[in-house]
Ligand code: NAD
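Quick heads-up: it's one chain on its own, the form predicted on its own, in structure tokens.
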């Protein structure tokens, strides 16, 4: 099978021929149809974060395909099922986090395309319990970005506990941000989109943003203050400065939801203690979403509540695709089709 492989951190991915893997007990072999390119895949390939993956490995955690083979003991999936391979590739299922419905905090978890091989290949092995069925009405092309970009922003909107009519800033309008705008609108928010590219802001307006701010030409905190300040800021751009700008845009009692993960080399986010305490600001970390969250994301899309903006690519073009993402030349998400 063809696979895009990270052979050394920081080097271009190599397109290689590999043997089709065999599913072990409790696993399924998935014949991939699509796989989205997430910025996390780029961070993984570059070794940007403190906990680094070990080469060689296959990135990818927005994979959608058909079950081609069952491992021993698998009874909850059937050959031919269309499923999604998400970031959460495995969790223990019995720790306090898993039992409480926070499987994404499990300390024993494995992550697709990071600690285990992912979906940048024609076939991938996955835990049968942690793949998520894709409804017939959701195309494999749309399902791929929803599998991470969708569920990650959906979860961020959930943990923000947004009330109807609250003012919500979405900072960074890309693969995640264009979906975050839609989820914020679904819960009744007044949405402010912030980005440094006018074309991304135009997309946000097309998707229902009430206000847009170009952070390259305008101080976003000052512009948002003129609107009355934000109740919630969803920080998606992988840049600590954008997190600080998002914090500065909050009114008293506001909530900053941290989602994007900048490279370790970019340094930490600066958090002013005085304003945090006196203004009663909450800072919340939001990490992807659970299998139930993803099922809800698929259901919303099936109902026609969301729109995925993405471009088609082939896996052979993976390095050019990464360059395009880093240069901001993409409309929202890139999706590899097999």
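Positions refer to the first chain, counted from 1. Keep in mind that this is a model prediction, so the values were computed, not measured.
One more form of this protein exists, namely the form predicted together with the ligand; it is left out here, but the text below deals with it.
With the partner removed from view, the residue among 211, 82, 255, 200 that has a non-hydrogen atom within 4.5 Å of the ligand in the predicted bound form turns out to be 200. The listed set 176, 126, 189, 134 contains one residue whose heavy atoms approach the ligand in the predicted bound form to within 4.5 Å, identified as 176. Among heavy atoms of residue 119, none comes within 4.5 Å of the ligand in the predicted bound form. For residue 283, no non-hydrogen atom is located within 4.5 Å of the ligand in the predicted bound form, even though that partner is not displayed. For the chain shown alone, residue 260 is a contact residue for the ligand in the predicted bound form, at least one non-hydrogen atom being within 4.5 angstroms. Although the partner is absent here, residue 309 sits far enough away that none of its heavy atoms falls within 4.5 Å of the ligand in the predicted bound form. This chain is displayed without the ligand, yet in the predicted bound form the stretch 237-245 from 110-118, 157-165, 94-102, 237-245 comes within 4.5 Å of it by heavy atoms. Annotation: in the predicted bound form, residues 3, 58 and 140 none come within 4.5 Å of the ligand through any heavy atom. Interface residues of 30-67, taken as those with a heavy atom within 4.5 Å of the ligand in the predicted bound form (partner not displayed): 38, 39, 40, 43, 49, in sequence order.
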